[in-house]
Each structure stands twice: as structure tokens, then as C-alpha cells.
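One chain comes next, on its own, written as C-alpha cells: the form predicted on its own.
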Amino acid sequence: MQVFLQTLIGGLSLGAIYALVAMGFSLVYRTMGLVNFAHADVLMIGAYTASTFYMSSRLPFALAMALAIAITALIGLFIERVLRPLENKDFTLMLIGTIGFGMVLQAVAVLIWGATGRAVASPVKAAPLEFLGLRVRTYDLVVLLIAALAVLLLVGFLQRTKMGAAMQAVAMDHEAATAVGIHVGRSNAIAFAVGAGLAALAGGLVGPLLYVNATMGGTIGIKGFAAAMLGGCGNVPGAIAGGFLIGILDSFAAGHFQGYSELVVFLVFTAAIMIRPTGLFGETTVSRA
């Protein structure tokens, strides 16, 4: 039982990271009907940027994270602006464009930070907490707390602000939204910026847990995308649930199957998607193709 609970706690921490990544995927998909394949590499840029401000510039971790989020949000705006002329014209080229941006971001990361990567010191120096025989890293609790705060802020933004309401309207029917005067391009740009900010938050948080390098976005991004699909792509609450499910599954698979854990995770994911193709909270949504 103790091992089970210890593994579960580790899975929740990892799941919070995947949930942040999945929310970014879902937000862009819900608004534009587009899978942003550059999302994982934006996460990597966010991780590198946060670690640079934190370790090289000696800024407080929270400030380093805020700067990384701001910079990646600008990257998100830039990607959307470049792709905007293709909106509602050539969906395939837009998808290919996001893949191209991802490759460019990887190349830029290698040019700026090199190909060897870096380890990031934990910003939380406190000893692990112990209760009921369990040892919980303090940083894991910080990750869960920040992820929960990010979810609340995103939900509040979508439900309580005019900008969020406009994005919801565009997601439901972009032609009707245009007819009532909503600027669809601006809503898409905000979706990209917020999605990129979420990716940077995930990247900055995962930096002290993993090794930061130019290819780190690959595995995290694929699992984040799987989480978005599992929850129901385009569904933000589903992305959160999918993130935690993938994180917990990943944690238990790593404990029991070691080198085959990735295989187990994606076999279970494939089986779940075959049973329920629209995901757990499946919405039949947005298709602009």
C-alpha cells in the first residue's frame, strides 16, 4: 500500500505537467481546429529560457518563469501571425507549418544553448515531507499547486472575461462569431499565446525534474498530446483529467515495466482511444479543414 501511494503521488506531479501541456493543445484546437505540432518545442524553449534566467541571471524562480511565459507567448503570437493567411484556406499547410516551426525552434535552441543540455537545480531546498511512512518531495507539491492555480486562472479567463467569451464563441462557430463582430484572428492569436504560455509553464516546472535539452519536448509533448486526446481534444477539463491519467499510468508503468513503460503507456492509451475515439469527455467539435 505504501508503494502504491508513493507511486500515485509521483504520478500526480507528473500528471500536472502533462495536464498543462494538454490544456495548451486543447485551447488551440478548440479555437482553431488545429493541432499545433510546435507546442512541444515551445515547451522546450520555455524550459531553456526559465533555466537561463534562474541559473545564469540568478533571478528568483518565479520571476524567471514569468519572463519565460512572456517570451514564449510572443513566440506563439508570431507563429499564429505567420500562419494566419492560411486560415480557412489550406489546413494541411498550416499543420506542416507548425511542424516546421518546431524544427526551427529546436535548431535555435541548439544554436543558443548548445546540444549538450543542462541540469536545473530545484528552487525548493526544503527536505521531503514525511507522513504515514510516505516521503513527498516539496517541489512536487509546488508543481501541483502552481498547476492548480494555472487551471483556475485559465477557467476564469475563459468564463469571466470578454476575451475568453469571444474565444468560446469562435470555437463554437467562427462564422457566426465574425457576423457579430468578433475578431477571429485576434481570438486565434490569443489562443496561441495562452497555449504557448502554458507550454512554457510546464517546461519551466519540469526543468528541475528532468534534464533540459533540445529534444526534451518530444516525449513530454507526445504524452501531453495523448492526454489531450484521452480527455477529448478541445475539451479543457478533459485535458486536465487526461493529463493526470497519463501521469499516473506513466508512474505505475515505470515502476513495474521499467524499460517498457513507454510501450505500456501507449498501448493502454491506444486501447482507450479505440474504445472511445472521442476521448473521455468527447466533444464532437471543431473542424475547419
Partner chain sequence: MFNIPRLRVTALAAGVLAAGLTAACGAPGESEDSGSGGSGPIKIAVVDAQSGQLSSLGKWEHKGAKLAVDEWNAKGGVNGRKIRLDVFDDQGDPTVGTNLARKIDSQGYIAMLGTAESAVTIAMAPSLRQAEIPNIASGQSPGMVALKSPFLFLNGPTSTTYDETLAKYVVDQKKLKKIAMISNNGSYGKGEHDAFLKALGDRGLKPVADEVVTTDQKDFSAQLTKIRQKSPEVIFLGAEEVESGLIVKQARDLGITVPFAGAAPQGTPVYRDTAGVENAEGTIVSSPYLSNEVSEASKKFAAAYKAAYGEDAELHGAKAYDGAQILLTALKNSGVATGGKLADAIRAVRYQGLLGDFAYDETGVGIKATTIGIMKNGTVVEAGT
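For the two forms, the rigid core is made up of the largest set of C-alpha atoms that agree within 1.5 Å on superposition. The structure presented is a predicted model; accordingly, all values stated were derived computationally and were not measured. Numbering follows the first chain given and starts at 1.
The same protein also has a form predicted together with the partner chain, omitted here; what follows describes it.
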query: Residues 52, 60 and 200 all lining the partner chain in the model of the complex, heavy atom within 4.5 Å; finding: no
query: Partner-proximal stretch of 64 to 72, 237 to 245, 34 to 42, 257 to 265 relative to the partner chain in the model of the complex, 4.5 angstroms, heavy atom; finding: 257 to 265
query: 4.5 Å heavy atom contact, residue 85 and the partner chain in the model of the complex; finding: yes
query: Contact flag, residue 172 vs the partner chain in the model of the complex, heavy atom cut 4.5 Å; finding: no
query: Proximity of residue 116 to the partner chain in the model of the complex, heavy atoms at 4.5 Å; finding: yes
query: Contact test in the model of the complex: residue 128 vs the partner chain, heavy atoms, 4.5 Å; finding: yes
query: The single option of 209, 95, 112, 163 touching the partner chain in the model of the complex, heavy atom within 4.5 Å; finding: 209
query: Residues of stretch 10 to 41 in contact with the partner chain in the model of the complex (4.5 Å, non-hydrogen atom); finding: 10, 11, 14
query: Residue 256: Cα shift of 2 Å or greater between this form and the one not shown (core-aligned); finding: yes
